[in-house]
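Each of two forms of one protein chain follows alone as structure tokens, named structure 1 and structure 2.
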Structure 1
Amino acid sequence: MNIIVCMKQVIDLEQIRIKPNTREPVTKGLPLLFGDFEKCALEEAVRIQEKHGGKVTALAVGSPKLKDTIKEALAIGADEAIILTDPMFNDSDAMGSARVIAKAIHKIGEYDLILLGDSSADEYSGEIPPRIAELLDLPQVGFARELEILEGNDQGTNTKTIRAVRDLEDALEVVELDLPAVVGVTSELNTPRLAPLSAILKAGRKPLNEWGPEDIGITADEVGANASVVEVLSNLAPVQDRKEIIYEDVEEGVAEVVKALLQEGVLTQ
């Protein structure tokens, strides 16, 4: 099983602060990491490899800091990593990002399974897995919370399929796909392992390749801000009108809060 895991580098959302005067998020200088969905995808790839053999390749698009971030994926169990950090890829929308990933996967060439988070921690659009599948003309399944590789024999030829349990919120759906395929996973799939110190030390010795636009055959009119059809109108935090009233007596405070909520129509008698 040759598995490609698409990893997305995001800022640490827990450390975002809001400017009180402009309501703009402060993201400059925040640490970059991989989201929980991506870590679950990587963990599942390593588990499949441990059971069926093969190779796990971590693929990521992002800033030059990926050279450090991707070492986590190598420590967890990826055999090699490929990163794409050219400024041309900056400010791509979902379609542009999918084009970059699909072309990189096409260059890699040999693969049985493509795993990635069903959504990302920062945008949560869920667009990338189906777009990659469409560009590569592969079957795709999303919202996967359980995966199983099935091996069979068809007219003397060894065949592999993947069985996925999809989380549809009000129901679970079991589907099977012929490989190669694209699978978007949820955080319910597994609990990602913590890399031991020995694996972290070995990560720096694993193959790490950095590709640019010319390596994957992509042009400026396909990616980046110029190719984006999405316009961000605002990313400001909601307006918060705080009363800043403090009650030192609990009983009095509860009564006054209920009274205020009744007056403002938040509660009804």
Structure 2
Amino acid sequence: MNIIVCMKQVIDLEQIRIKPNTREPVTKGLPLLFGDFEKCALEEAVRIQEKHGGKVTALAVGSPKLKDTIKEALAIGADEAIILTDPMFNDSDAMGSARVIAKAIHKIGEYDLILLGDSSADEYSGEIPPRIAELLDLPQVGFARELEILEGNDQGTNTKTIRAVRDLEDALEVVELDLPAVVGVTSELNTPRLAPLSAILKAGRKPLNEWGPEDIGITADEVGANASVVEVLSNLAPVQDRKEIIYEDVEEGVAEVVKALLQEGVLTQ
């Protein structure tokens, strides 16, 4: 089983500050991490590999900081990582990013399964998995919260299928599809391991490949700001005008809060 896990480095969303006068987010210089959904995808890949053998490749498109960020993926258990950090890829929209990822996957060539987060922690768009499935002409399943690999034998040839539990609003749907396939996962899938220190040290010795546009055969008319078909007009935090009256004494707090709620008229009986 060769598994490719697509990982996106995102800024630490907890640390975003909002400029009070303009409502603009300040994102510069914040630490970069992988989202929870992606970490679960990687954990699952490693578990599948432990059971079925094969190789786990982490694949990420983003800023040159990936050289550091990706080490976490190698420490958790990816055998190899491929990062794509060329400036040509900057400011891509989802279609541009999907093209880069799909072309990199195509270059990797041998794979049985592509695992992604169902949605990224920052964008939460869920666009990348279906788009790469379309580009690679593969079946997809999203919102997967349980996975199982089934290896069989059909008249002498090995068959591989995946059984996934798809999390819908009102039901869980158990689906089965032939591999290769694209699967987007949620954080219910597993609890990702924390990489032990020894693994973090060893991560530096695992293969880390950097691919540029010519390696995957992509040109500036397919990716980056010029190729983007989604224009962002504005990106501002909604106005929040909260009183922030905080009581550190419990007795006083309870009395004052109840009084305030009655005054605000938000409790009706």
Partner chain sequence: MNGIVVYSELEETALGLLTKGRELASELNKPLSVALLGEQAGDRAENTFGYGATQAFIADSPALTPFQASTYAAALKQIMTHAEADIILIGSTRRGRELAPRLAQKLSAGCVTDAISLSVEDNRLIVERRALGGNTVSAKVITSQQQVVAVMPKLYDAEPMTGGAGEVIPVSLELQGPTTKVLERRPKEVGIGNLEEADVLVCIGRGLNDKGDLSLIQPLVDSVGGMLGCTRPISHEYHWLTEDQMVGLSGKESSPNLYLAIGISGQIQHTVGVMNAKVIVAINNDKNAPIFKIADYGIVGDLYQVVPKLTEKLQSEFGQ
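Everything numeric in this text was worked out from a predicted model, so none of it was measured. For clarity, a rigid core is taken as the largest C-alpha set superposing within 1.5 Å between two forms. Residues are numbered by position in structure 1's sequence, first residue being 1.
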| query | Which number, 1 or 2, marks the form predicted on its own? | reply | 1
| Considering the turn of one rigid part against another between structures 1 and 2, what in 222, 240, 177, 130 is at the hinge? | 240
| request: Enter the domain rotation angle in ° for the smaller rigid part relative to the larger one between structures 1 and 2. | output: 28
| message | If the core is used for the superposition, what shift in Å does the C-alpha of residue 261 show between structures 1 and 2? | response | 7.9
